[in-house]
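There is one chain below, alone, in structure tokens, taken in the form predicted on its own.
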């Protein structure tokens, strides 16, 4: 189920959850963390990640810090105060969605 529309629809929430946990991350780090957590089942391409990061930044949910690492500039992304609040809301919505889907897909399990 690699890179299905279900994952793509959750990309912003995935990014925000990782930043909530880690504090700040750079783009490649985000892609590798998702790959590690999902044991390679989910891979986020740069073509999907960076537009999502830029959109979240434009919405005021992320801020960028630039640092020089090994003679290269690296952009670190972190949640703003507004982003932290929105992460809580989006995770609650996602959990509710998962519960509802579970009720439909496997009604014998209760959550």
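Positions refer to the first chain, counted from 1. None of the values given here were measured: they were computed from a predicted structure.
One more form of this protein should be noted, the form predicted together with the DNA, which is absent from this view; the next part is about it.
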Task: 4.5 Å heavy atom contact, residue 78 to the DNA in the predicted bound form - done: no
TODO: Would you check, heavy atoms only and a 4.5 Å threshold, whether residue 46 touches the DNA in the predicted bound form?
DONE: yes
TODO: Report whether the minimum heavy atom distance between residue 51 and the DNA in the predicted bound form is within 4.5 Å.
DONE: yes
- [ ] Classify residue 33 as contacting or not contacting the DNA in the predicted bound form by the rule of any non-hydrogen atom within 4.5 angstroms, answering yes or no.
- [x] no
